[in-house]
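Given next, in C-alpha cells, is a single chain: the form predicted alone.
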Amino acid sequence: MIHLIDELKVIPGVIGACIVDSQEGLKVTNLPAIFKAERLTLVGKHLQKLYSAGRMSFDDLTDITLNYDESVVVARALEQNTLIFAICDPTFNHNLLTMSFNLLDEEFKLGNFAKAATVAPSAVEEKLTVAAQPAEKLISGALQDLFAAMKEELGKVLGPMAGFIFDEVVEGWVEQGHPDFSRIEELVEQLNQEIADQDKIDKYRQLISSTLKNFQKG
C-alpha cells in the first residue's frame, strides 16, 4: 500500500499523503514525522464527515479541496469508511493529483491493496494524549492571538508545513509547563530547532520581534 501513495509524492507540490479508516485509524502515511498519527487520524475523520455531508448535496462529488494560506488538503473517499488525503503546497499540480487519485481508487476497488497494519501511536504519545487537555483550552485568548500571528509569520519562513509544525511545537510546549508569555523564549527556541537553518531562524526572529514587543507592552 505504501508504494502506491509514495507515487503521489512524485507530483510537483505534493508533500505527502495518508489513508485513514474511520474505525481502525491511520492505515498508512508517507508524510514527514512531524505529522503525528493521532493528528492525521483526527483530520481524516473530520474530512470524512465533510465528504459525507457533501455527498448529500452532490451525488457526483469525488474530491474535496480545502485551501489554506500555506497549504492545500485534497481528499477522496475510497470506500464508506476509508479516505485518502494529500497535503500539498499551494502551487501543486491539481490535474496530476486527480488522475493519480483515479488510478489509486481503481486499484483499491480491485482489491490490489495489501492489508496494512494500522499505524499506532507510541505508548508515550498515547499516554500524553489521554492525560493532557487540548492545548487551546489551556492558552488564554490573548496568547492565542499572539500565536496566530507567530504561526502566520512562520509560514513566510517554512511554507506549507508551517501551520502543522507550529501546532505540534505549541502542544509540546504546553506539556512542559504553564502556557504563559514568560516562557515565550522557550517556545521560540523550540521553533528554531524545527526551522534548523540559521538564516531562516534569523529571519523568523526579525519577523516576530515587533509582535512580541507589542504584546509585552500590552
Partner chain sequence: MATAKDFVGRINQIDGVAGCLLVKDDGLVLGQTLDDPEEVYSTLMQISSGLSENIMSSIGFSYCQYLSFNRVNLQNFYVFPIDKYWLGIVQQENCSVAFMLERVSQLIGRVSTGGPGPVS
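Keep in mind that this is a model prediction, so the values were computed, not measured. Numbering follows the first chain given and starts at 1. Under this definition, the rigid core comprises the largest set of C-alpha atoms superposing within 1.5 Å between the forms.
The same protein also exists as the form predicted in complex with the partner chain; that form is not shown, yet it is the one meant from here on.
Within this chain, D69 lines the site of the partner chain in the model of the complex, having a heavy atom no more than 4.5 Å away. Proximity of T65 to the partner chain in the model of the complex falls within the 4.5 Å heavy atom cutoff. Taking the partner from the other structure, the partner chain in the model of the complex has a heavy atom within 4.5 Å of a heavy atom of H46. The partner chain is not shown here, but in the model of the complex it comes within 4.5 Å of a heavy atom of S57. Residues with any non-hydrogen atom within 4.5 angstroms of the partner chain in the model of the complex fall in just one of 22 to 30, 49 to 57, 176 to 184, 189 to 197: 49 to 57. Each of L42, L61 and V73 comes within 4.5 Å of the partner chain in the model of the complex, counting any heavy atom. Of the candidates I87, L104, L97, A77, I87 is the one whose heavy atoms come within 4.5 Å of the partner chain in the model of the complex; the others do not.
Taking a 4.5 Å heavy atom cutoff to the partner chain in the model of the complex, the contacting residues in 164 to 181 are F164, D167. Put the two forms on the same core and the Cα of E168 is off by 2 Å or more between the shown form and the other one.
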